[in-house]
Each structure stands twice: as structure tokens, then as C-alpha cells.
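Let's start with one chain on its own, the form predicted on its own, as C-alpha cells.
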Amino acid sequence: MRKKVDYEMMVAFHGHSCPGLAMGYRMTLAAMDWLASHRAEDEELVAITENNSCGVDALQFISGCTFGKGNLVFKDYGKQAYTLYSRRDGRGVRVVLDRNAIPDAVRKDRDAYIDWLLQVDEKEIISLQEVQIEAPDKARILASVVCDECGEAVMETRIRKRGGRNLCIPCSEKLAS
């Protein structure tokens, strides 16, 4: 029953139920089970996503890894794959969804597709592989610097120096063209 409750709460967070969310849900649960881990309160877990689709909301909701905490890393590879890494024990797992295992007939009916994804045996659609990764740096709190062009505060590491002026990236790019 826990999974159903979690799924409904996650749907409320995401805004709707869809196949991508169901995929991310199943993938994240599998990886969390493999790591025998609980939701990250701070940065004890790190998640690396290789896509920016609906399933990433499931990854954030279940794992507790978020951009705001600095423990969600985005690599724009366009793959339905996540890596979860536990700082506690140094173990990592890469989880991949096998889209080829999804029957064509199921894909044609959105509700049936979601139901199938939520009920199919994990071994039929998900592969888990232990991975060794270098522990990502913990999030750093950096000073803000005011852009001399637009007046907005900018993280100091994102400031561009131009003619002795501190510029945010958009202003720097606008003035360069």
C-alpha cells in the first residue's frame, strides 16, 4: 500500500500522472532499494539524471535530491537513466529503464501504459548496475555580486569581467553581440 500512497502524493507534486512519472517512480524506488537508503534530508545522497523529463520529479520527490540542495546533477544525455550515490557508504548504482521491454499495445493507451509501468515486475523493465563514481563536491554557499549592467544579484562564480565591470552571463552575452 505504501507505494500507491507515495505515487499519489508524487502525482500531486508533479501535477498529473503520466508514463514518464511512472517510469521515474519505478526507477527511483529500485535504486533506493538497491542502496538500502532513505530519502535525503541533506546531501547524504546524490542523484545524477541523464534527462530532464517528468520522471526527474519522481527522482526528486522520492530521493530527496534536488537542485536547491545541490545534490541533483543534470547531464543532458537524453537517456532514461539515473545514478544514485550514497555518501554514507560510497556506493553508487545506475538504473536504466528498458523501453524495448514495453509492449507496443500498452503504449497506445495512456492509462493502461501507466498501470502497466506501475505493476510490471521490476526485473522486466529495470536494470541496476553498481558504479564507482568520485564523490561529487558538497554544495557551497557563495557570495552574490551585483551585475553592473542590470543590477541583479549573481552568484560570484557566474560573474563575467568585461572592461572592469561585473556582468551576469546574459548581460555579458548581450554586450558581446
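For every residue, the number given is its place in the sequence shown, counted from 1. Each form is matched to the other, and the largest set of C-alpha atoms that superpose within 1.5 Å is called the rigid core. Since this is a predicted model, take the numbers as computed values, not measurements.
Below, we refer to the form predicted together with another copy of the chain, which is not included among the displayed structures.
Undergrad: Report the stretch among 53-61, 23-31, 115-123, 130-138 that approaches another copy of the chain in the predicted bound form to within 4.5 Å, counting heavy atoms only.
TA: Among the candidates, contact is made by 53-61.
Undergrad: Find out whether any non-hydrogen atom of G78 is located within 4.5 angstroms of another copy of the chain in the predicted bound form, and reply yes or no.
TA: G78 belongs to the contact set for another copy of the chain.
Undergrad: Using a 4.5 Å heavy atom cut-off, state whether H16 contacts another copy of the chain in the predicted bound form.
TA: Although another copy of the chain is absent here, H16 would touch it in the predicted bound form, with heavy atoms inside 4.5 Å.
Undergrad: When the contact criterion is heavy atoms within 4.5 Å, does R158 count as touching another copy of the chain in the predicted bound form?
TA: Looking in the predicted bound form, residue contacts with another copy of the chain include R158, since a heavy atom lies within 4.5 Å.
Undergrad: Report whether the minimum heavy atom distance between I102 and another copy of the chain in the predicted bound form is within 4.5 Å.
TA: No.
Undergrad: Going through 155-172 from first to last, which residues have a non-hydrogen atom within 4.5 Å of another copy of the chain in the predicted bound form?
TA: In sequence order, M155, R158, C168, I169, P170 come within 4.5 Å of the partner.
Undergrad: Is A12 among the residues whose Cα moves by 2 Å or more between this form and the one not shown after superposition of the rigid core?
TA: The answer is no, as the C-alpha of A12 shifts between this form and the one not shown by less than 2 Å after core alignment.
Undergrad: C-alpha of L167: shift of 2 angstroms or more between this form and the one not shown, rigid core aligned?
TA: Yes, the C-alpha moves 2 Å or more.
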